[in-house]
Ligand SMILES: Cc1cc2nc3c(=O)[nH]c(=O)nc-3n(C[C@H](O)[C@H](O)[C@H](O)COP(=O)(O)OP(=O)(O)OC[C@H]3O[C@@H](n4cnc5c(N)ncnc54)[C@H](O)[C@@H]3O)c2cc1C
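Presented as structure tokens, the chain that follows is alone, the form predicted alone.
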Amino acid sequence: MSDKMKTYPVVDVKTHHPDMKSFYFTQIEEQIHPGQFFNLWLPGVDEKPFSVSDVYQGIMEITIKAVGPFTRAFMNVKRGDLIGIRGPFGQGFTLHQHSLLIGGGMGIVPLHYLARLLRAKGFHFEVILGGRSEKDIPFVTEFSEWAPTTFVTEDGSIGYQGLVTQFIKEIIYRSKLSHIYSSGPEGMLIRVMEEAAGNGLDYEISFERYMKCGIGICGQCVVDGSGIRLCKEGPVLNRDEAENVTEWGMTHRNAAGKRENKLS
């Protein structure tokens, strides 16, 4: 891990659609594991954490969707621009045979790199991915080529219409699985944990909290019950770690550390 900010040029940009792009960098010295994240800095704008969506042939890919001021500003970044980067931070996924990858929305991003590594090892895995519509699901072609993949969208624009959680039981029932990986909205993650535990499966989940320092000092991303700092011991938690968290289903703390109401 490097907590020192360094600048790297953007070597390429891929547009998935106007509000989602992948940015490519070389010369990242650290070894990168799937599920880890980097803090990206735009001078005069802000610094935010992003999961790695791929590492291939010496190129690191970070995929970003425009949802707020920082990410909207990042959509204007072009090839050759210099970006401040520090990391990688946190604990990533471990590699297991006979697994199911479950992703929702931008939670699909870290699973893409994980899928590449599982495939490289020759491991059997299946995938279920969901979003509001087809444009909310990145890497459709790659996942389809790499493993049996079920797509689920709320509007039915690709795959089945509905929610990812409606199809988990069916896949677990018909497939010989031993492990589940999941990343996405917290409501989805809660259901995934329930289904995995109910079927005696181990799992690893990646979830978000507001992060500031990224190096375990400020305590902003500590989760109740466990004391785990997501920037250090997370963002990927295994079953034992996740079962000690007591704040599932509650609203996330804001920049001031305040949490008001429970999620509906």
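This one's a predicted model, so the numbers in the text were calculated from it and none came from an experiment. The numbering used is simple: start at 1 and walk along the sequence shown.
Only in words, not in the display: the form predicted in complex with the named molecule, which the text now covers.
The candidate stretches are 168-176, 104-112, 150-158, 127-135, and the one lying within 4.5 Å of the named molecule in the model of the complex by heavy atoms is 104-112. The named molecule is not drawn, but in the model of the complex it has a heavy atom within 4.5 Å of E208. Shown alone here, L237 lies farther than 4.5 Å from the named molecule in the model of the complex, counting heavy atoms only.
None of the heavy atoms of A196 is located within 4.5 Å of the named molecule in the model of the complex. For T63, a non-hydrogen atom is located within 4.5 Å of the named molecule in the model of the complex, even though that partner is not displayed. With the partner omitted here, the residue from G58, G44, G200, G68 that has a non-hydrogen atom within 4.5 angstroms of the named molecule in the model of the complex is G68. Contacts to the named molecule in the model of the complex (heavy atom within 4.5 Å) from stretch 34-62: F37, K48, P49, F50, S51.
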